[in-house]
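Just the one chain here, the form predicted alone, laid out as structure tokens.
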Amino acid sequence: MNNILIDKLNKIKTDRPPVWFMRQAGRILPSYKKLKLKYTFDELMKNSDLASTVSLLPVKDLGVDAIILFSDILVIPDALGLNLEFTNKGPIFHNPLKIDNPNKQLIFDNTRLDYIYKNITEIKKKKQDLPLIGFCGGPLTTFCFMFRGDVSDKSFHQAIKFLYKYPKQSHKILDLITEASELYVKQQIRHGIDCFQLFETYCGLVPSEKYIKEILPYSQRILNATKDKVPSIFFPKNLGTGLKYLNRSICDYVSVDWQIDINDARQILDKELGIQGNLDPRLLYSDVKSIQIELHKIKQFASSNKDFILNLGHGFLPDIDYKKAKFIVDWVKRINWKN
């Protein structure tokens, strides 16, 4: 196996930083878009041959150092009984939680995730020389989506209103999400993932102090399901100065978003934590010369920060030219990181 990512996560010296991208499995790749002409997102995700094929496309098309499971953060609420549909406009729940129905019964059915475990097995069967990253959505992010019945709702107002209006019921739901996610992570590990990332994309919807006090304990439980098994990465988008509360008891690496300068993030974070990030995905709309300027800044950062993985500060945008992503990977592998 190419262990550069796993070595880096385990603080073993490597000649260069590993590089992979959030949302690399699909979206910007012509090979993925071709498959999308024949299959829906749901069909691609629930067929183990197709899901494994899509997971592996970035390895061939971009040359990344890791595979990330082709799946979605909303599979947990789907397994909790919410009727999830992936439409052309985005995912939607046909029976979302409602603020006027705080006592809705949610029952977790792990068998509804069996296809994902099968997908993991199939990916490992096809490609054992690169590490496979598993993931799930963070508790607040998952909670917010569970109240969204309209794909045009980007504010998640109903979920946040519920969180403040019904704190007791909210924490019951968050606890159930966490219990389901803990089992989900353990099953992913059992089926062969090599590391795990928790995507808490909507930290910024509440004050960082509230997130740290009320939500982070749930995130920590999910991440701790990996302890002594596989390394963990936490992506708390827009946590800002709340990063100072993170440490190795929570995760091994923190993936930082593009809204914060990576040097500032490094200063805020516990020194024992590795850091992943944090190129602005919109940078890939720029010309190659502009991209190189930013990459040289990253190289300068990496020269004094060895526990570093190169990634984006959020996922690819759908209309990005995949050749720009390939350029970044090729550049990382080509340059001399020793000077």
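Since this is a predicted model, take the numbers as computed values, not measurements. Throughout, we count residues from 1 along the sequence that is shown.
There is another form of the same protein, the form predicted together with coproporphyrinogen III; it is not shown, and what comes next is about it.
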{"property": "Contact at Ile68, Phe86 and Tyr202 by coproporphyrinogen III in the predicted bound form, all three, heavy atom at most 4.5 Å", "result": "yes"}
{"property": "One stretch from 24-32, 301-309, 288-296, 271-279 that, in the predicted bound form, holds residues within 4.5 Å of coproporphyrinogen III by heavy atom", "result": "24-32"}
{"property": "4.5 Å heavy atom contact, Asp153 and coproporphyrinogen III in the predicted bound form", "result": "no"}
{"property": "4.5 Å heavy atom contact, Lys36 and coproporphyrinogen III in the predicted bound form", "result": "yes"}
{"property": "Contact label in the predicted bound form: Gly192 to coproporphyrinogen III, heavy atom within 4.5 Å", "result": "no"}
{"property": "Heavy atom of Pro91 within 4.5 Å of coproporphyrinogen III in the predicted bound form", "result": "yes"}
{"property": "Contact assignment for coproporphyrinogen III in the predicted bound form, among Ile212, Ile73, Leu183, Val206, heavy atom within 4.5 Å", "result": "Ile73"}
{"property": "Interface residue in the predicted bound form among Phe162, Phe147, Phe135, Tyr253, criterion: non-hydrogen atom within 4.5 angstroms of coproporphyrinogen III", "result": "Phe135"}
